[in-house]
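Only one chain is shown below, in structure tokens, and it's the form predicted alone.
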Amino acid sequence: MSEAPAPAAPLAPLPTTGIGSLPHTQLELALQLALRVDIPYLPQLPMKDPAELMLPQALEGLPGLRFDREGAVTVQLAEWERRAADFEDELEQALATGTVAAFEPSAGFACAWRPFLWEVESRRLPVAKVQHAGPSTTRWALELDDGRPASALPRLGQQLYRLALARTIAMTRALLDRGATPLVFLDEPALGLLAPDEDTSHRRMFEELRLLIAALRGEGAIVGVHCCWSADWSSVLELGADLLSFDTALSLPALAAQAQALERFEDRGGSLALGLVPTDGREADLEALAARVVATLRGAGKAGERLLERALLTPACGLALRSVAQCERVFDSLKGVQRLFRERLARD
């Protein structure tokens, strides 16, 4: 897979988008909200069906997969062992021949996928965002039915990586086929648990993620990494992603302190997706929020200033656990923050 430069995308200044999960149980209403932002995104509806929670959705098709209403995922070891070889053959054949369409999300795990593709094509959207749990997070979260972690079986860990590769390539190609530039975010909260400079297994997971990012960029996607926990930001900035998405209240000061890594990231053309509006039910002082973020990034020097000018603006995290009314208020606040950012940058 080539290290192709990120494709040019016709984005408005400081565009808004969403993280992914919404609290709706009615698909039509969720799609309406997801299409209202500057970069429409694929809505995930776990309140409609727990199969749409982040981990079950990402692991669709894995032999022996089981999940509960909270999204905890396990593998029935006997079933996985019985079907593992056939599943590996399916993955290898799909990736070797490029016939990955069978790994697109199904209606049972992503009811919005096909309707979203129809909207992308019919509206002639220039850019469309999708998201998928990254391999570090699925490996960290998945357990065997005997209580061991998925990492106890290297063969299973490799399947998790190749499943993520096949599905995200399939989603990327589906969007390209409909005329949109794909914006693919890998949701990786587990990065907050990894210390690649101290643990060789953690280092391998970072390398795996770097390979996945390079493969998707080679397919023509703009690739982002979303982590709503604290993380080793200097290592995350070196993954080769085009975008880094994070909760600004939690992580912006620590990220801005990585001056050299941030400058290298910006020099390579990287951008930030600023998770601005709280998604935990708290009301935000939008003026104070905008002022704090602008001051922090400008304090990081020229790189911070340039990253501010080309940032994406998002809620801090997903919204599945909020009410529909709260969700609407979050996106109203996001538009308000966007206006404040644009006014501040134009004035300064």
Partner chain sequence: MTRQDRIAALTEALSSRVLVLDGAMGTAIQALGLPAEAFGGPQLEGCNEHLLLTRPDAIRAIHAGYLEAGADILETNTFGATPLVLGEYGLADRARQINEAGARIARELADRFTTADRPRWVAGSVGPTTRPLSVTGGLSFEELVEHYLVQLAGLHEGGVDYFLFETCQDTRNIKAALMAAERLFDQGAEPIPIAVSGTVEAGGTMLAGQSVDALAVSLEHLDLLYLGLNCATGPEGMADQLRSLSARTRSRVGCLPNAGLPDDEGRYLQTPERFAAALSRFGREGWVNVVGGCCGTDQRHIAALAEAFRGLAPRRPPCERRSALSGVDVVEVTEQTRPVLVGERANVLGSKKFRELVAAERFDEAAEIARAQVKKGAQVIDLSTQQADRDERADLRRLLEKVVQKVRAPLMIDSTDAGTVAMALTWCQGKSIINSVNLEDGERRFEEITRLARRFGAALVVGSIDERGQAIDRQRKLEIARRSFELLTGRYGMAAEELYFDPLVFPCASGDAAYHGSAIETLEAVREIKRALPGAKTVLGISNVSFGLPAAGRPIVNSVFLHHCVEAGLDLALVNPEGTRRYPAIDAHERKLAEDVLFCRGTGESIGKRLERAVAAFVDYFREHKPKAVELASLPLDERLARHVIEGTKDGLVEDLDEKLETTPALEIVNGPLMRAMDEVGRLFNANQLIIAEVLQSAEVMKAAVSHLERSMERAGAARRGKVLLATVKGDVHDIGKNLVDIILSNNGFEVIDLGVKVGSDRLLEAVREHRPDVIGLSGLLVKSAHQMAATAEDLDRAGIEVPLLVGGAALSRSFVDRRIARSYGGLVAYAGDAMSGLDLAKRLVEPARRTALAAELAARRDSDAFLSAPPPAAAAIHTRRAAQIAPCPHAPQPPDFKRHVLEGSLDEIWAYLNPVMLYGRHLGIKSAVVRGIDTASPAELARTEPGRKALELRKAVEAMKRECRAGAMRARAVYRFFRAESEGNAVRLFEPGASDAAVELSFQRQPGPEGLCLADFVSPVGGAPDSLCLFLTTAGEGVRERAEAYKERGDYLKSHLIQALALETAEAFAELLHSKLRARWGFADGPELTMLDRFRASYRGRRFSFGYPACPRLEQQELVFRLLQPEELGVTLTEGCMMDPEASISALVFHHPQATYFSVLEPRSD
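Residue numbers count along the first chain shown, from 1. Everything quoted here is computed from the prediction, not taken from an experiment.
Same protein, other form: the form predicted together with the partner chain, not shown, and the subject of what follows.
According to a 4.5 angstroms non-hydrogen atom cut-off, is residue 296 in contact with the partner chain in the model of the complex?
It does not: once the partner chain is placed as it appears in the model of the complex, residue 296 has no heavy atom within 4.5 Å of it.
Contact with the partner chain in the model of the complex for residue 232, defined as at least one heavy atom pair within 4.5 Å: yes or no?
Although the partner chain is absent here, residue 232 would stay clear of it in the model of the complex, with no heavy atoms inside 4.5 Å.
Decide whether residue 340 counts as a contact residue for the partner chain in the model of the complex under a heavy atom distance cut-off of 4.5 Å.
No.
Any chance residue 156 has a heavy atom within 4.5 Å of the partner chain in the model of the complex?
Flag for residue 156 set to no.
Of the options 316, 31, 54, 303, which one has a non-hydrogen atom that comes within 4.5 Å of the partner chain in the model of the complex?
Comparing distances to the partner chain in the model of the complex, the residue within 4.5 Å is 31.
Among 37, 290, 59, 308, which has at least one heavy atom within 4.5 Å of the partner chain in the model of the complex?
Comparing distances to the partner chain in the model of the complex, the residue within 4.5 Å is 37.
Choose one stretch from 146 to 154, 210 to 218, 184 to 192, 110 to 118: the one whose residues place a heavy atom within 4.5 angstroms of the partner chain in the model of the complex.
Careful reading of the contacts points to 110 to 118.
Does anything in 298 to 327 come within 4.5 Å of the partner chain in the model of the complex by heavy atoms, and if so which residues, in order?
Residues within 4.5 Å: 321, 322, 324, 325, 326.
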